[in-house]
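Here we start with a single chain on its own, the form predicted on its own, put down as structure tokens.
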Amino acid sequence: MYQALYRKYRPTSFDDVVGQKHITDILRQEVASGRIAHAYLFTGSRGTGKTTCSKILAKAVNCPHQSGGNPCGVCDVCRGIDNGSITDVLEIDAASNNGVDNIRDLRAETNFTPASVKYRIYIIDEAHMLSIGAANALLKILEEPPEYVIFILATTELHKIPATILSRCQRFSFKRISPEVISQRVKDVASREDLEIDNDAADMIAKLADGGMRDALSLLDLCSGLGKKITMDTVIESAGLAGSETLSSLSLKLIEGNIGGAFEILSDLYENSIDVIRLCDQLIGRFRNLMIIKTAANSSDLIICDPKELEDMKSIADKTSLDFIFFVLDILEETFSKLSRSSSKKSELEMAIVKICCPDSVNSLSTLSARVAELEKKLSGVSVSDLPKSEPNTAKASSKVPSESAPKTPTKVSADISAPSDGTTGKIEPMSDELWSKILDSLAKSNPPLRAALTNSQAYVENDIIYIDSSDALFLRLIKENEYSKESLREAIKAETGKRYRLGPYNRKKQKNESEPLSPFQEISKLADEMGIKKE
């Protein structure tokens, strides 16, 4: 029977284990010196060598010919443990043997001495799956086992292991294996199997393995089914991936807001049986790379790809903002979590495309942040002098100034507005155009989008409150929902006036109604109402 590559090339000694030297060195020294712990806990993500090191340790402590902490690998004990014929080394799957009765049976077995080796070894895989009762039943025997019993627990979810078990074990944390190490191992195995693999194909396999050597060798095994020559296209076809050029085109369509173009690419990929979940994961990885490019100086060291693809991504990164990348990642991460439960995976990804291309349809702070960032980018090449200034309009201003006899308090719309701090009712006066222009010039340095939203605006002052008259809906939204916008405007005002004001929108309609004098008939009618005279 054909043997899978990850089983065929599983390490047989500590020296063969790659990427976990910080663990294998300690275990080898413990075996060599005879200072063997009674319980071990191996933690880490899948495919990083937990079970492999468990079996190597089981061989090493029982091998009569071990050298420097490594098992010889050729004696009857080593071969018996490898093929499972030695029953004193038991590998237990806690996912299916997680009850109290299973642990009671295990405890009963520990009363018997090993039949053919020095130590009876219990390797409990996926130990976090033990029930609470089973974990409690294991505690006593785990703390004080017979001198011929060793427990090795392995888990991918350390946080689910009870603290009472953690404190009784010697813990080793297995790291994700670096892509460079995986790539080299893949090429080494390929050469032994008479396979010809391109460097970029090996790097792609290492990238897809996500730190797990088992996943990498399994994917190499899958690729070898298509022929002895393994290229990047072979890996893409075997893994059900979208090609780099296709992924770049789709990313660019999302940045441009081209829904139709993005749908066409998705349909083509779907017809070619591309896995939608894997495609979403690839998009997340692509926008993650764009984020790295825009934020890290050593992006080429953090992104695994060929130089041509890196230049392509840099070109795409220049066409968008960091805030928009965050927005896209939020949408894609949310979609990725839904895809496994969705009955129509293509529809889920299509909805994500629409949300990304139409940010206005998504009500979230990240959406507003992305829109503000895009506006900043559009204004990045515009100087303050190029922005339109507020033009004085005597007739307009005079219509807003209330008469002496009219009420002075405007409608309080914003939560930032309250009565004057001194308890008095002040008179609303228009701020001079010269001063307001200076404030806007100062604001343009710290918040260009808000400055643009205040084009052709006018300010009014009442005690320690400034009311702003602007017809731009973006200003109202920013001033109500974005604390940074309010604070930057306050600071700009303080920089020019030396005083910190509270802010609020100016209700033009209310002020106009209150400032218009009553007609003679309205005055007589009002006086009659006050005197209680009935009008016929």
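All residue numbers are counted from 1 along the displayed sequence. Since the model is a prediction, treat every value here as computed from it, not as a measurement.
Quick note: we don't show the form predicted in complex with a small molecule, though the next part is all about it.
Shown here without its partner, the chain carries Tyr9, Gln20 and Arg46, all of which come within 4.5 Å of the small molecule in the predicted complex through at least one heavy atom. Among Ser485, Thr52, Asn70, Asn62, the residue placing a heavy atom within 4.5 Å of the small molecule in the predicted complex is Thr52. Residue Arg185 is the only one of Arg168, Arg120, Lys253, Arg185 with a heavy atom lying within 4.5 Å of the small molecule in the predicted complex. When contacts are judged by a 4.5 Å heavy atom cut-off, Arg214 counts as touching the small molecule in the predicted complex. The small molecule in the predicted complex is approached by Thr156, whose closest heavy atom lies within 4.5 angstroms of it. Taking the partner from the other structure, the small molecule in the predicted complex has no heavy atom within 4.5 Å of any heavy atom of Ile197. Proximity of Ile177 to the small molecule in the predicted complex: non-hydrogen atoms within 4.5 Å are present. In plain terms, the part of the chain that comes close to the small molecule in the predicted complex, with a heavy atom within 4.5 Å, is 38-46 out of 463-471, 25-33, 485-493, 38-46.
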